[in-house]
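A single chain, nothing else alongside it, follows as structure tokens in the form predicted alone.
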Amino acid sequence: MAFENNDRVIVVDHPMVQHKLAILRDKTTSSKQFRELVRELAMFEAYEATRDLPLEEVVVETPVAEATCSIIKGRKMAIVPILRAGLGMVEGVLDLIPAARVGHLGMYRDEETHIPHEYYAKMPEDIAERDVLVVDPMLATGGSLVAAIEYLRKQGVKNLKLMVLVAAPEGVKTVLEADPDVVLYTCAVDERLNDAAYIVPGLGDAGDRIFGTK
């Protein structure tokens, strides 16, 4: 499956992103460094995901003279990590957008059926009025992200973008078919899913590597 010509799939392929992703994939990378890299890559992706924010002109007084500058035009943002691995990306996005609100959506995947189940949801009261970035390091089958999209659409969210670090082609296809308006940002689209629904080559279990668990 090729997504190079799909304008709803943005692969953030900056050289520094690819360099950091290579270290992230390495099985010898420590949990500490893994967390740091996830945070850094999330900030790179958020930079791209916010490229289309509208601007308005303001006049500011510099130490030398007046200057006409641009600021973001009153857009309210929210970050929604899919627990638990998505938590690793939140701080990176907040580094770029410190005024953003953070919701939390807990999803777990049945190990036999791979079907996602929601177990926790806590959103800002005005979530429907905000541009929402859903963050989760891995897009494997797409089940969790599709469930998250459905949940947020029911809450009235209109402008919705997804940010992952690594995606499987099967998951990308599933997500794009589930919602005609959602846009996906990823650092890489990998080869495939294996029989256990893990991304190949992937980077292992992102949650375990972020939090040092097994």
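Keep in mind the model is a prediction, meaning the values are calculated, not measured. Numbers for residues come from their place in the sequence shown, where the first is 1.
Just so it is clear, the following notes concern the form predicted in complex with a small molecule, a form of the same protein that is not shown.
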Checklist entry - Within 4.5 Å of the small molecule in the predicted complex, heavy atoms considered, which of A140, I97, L105, I79? => result A140
Checklist entry - Is there a heavy atom of L24 no more than 4.5 Å from a heavy atom of the small molecule in the predicted complex? => result no
Checklist entry - Does A197 reach the small molecule in the predicted complex, with heavy atoms at most 4.5 Å apart? => result yes
Checklist entry - Just one stretch in 87 to 95, 132 to 140, 71 to 79, 118 to 126 has heavy atoms within 4.5 Å of the small molecule in the predicted complex, so which one is it? => result 132 to 140
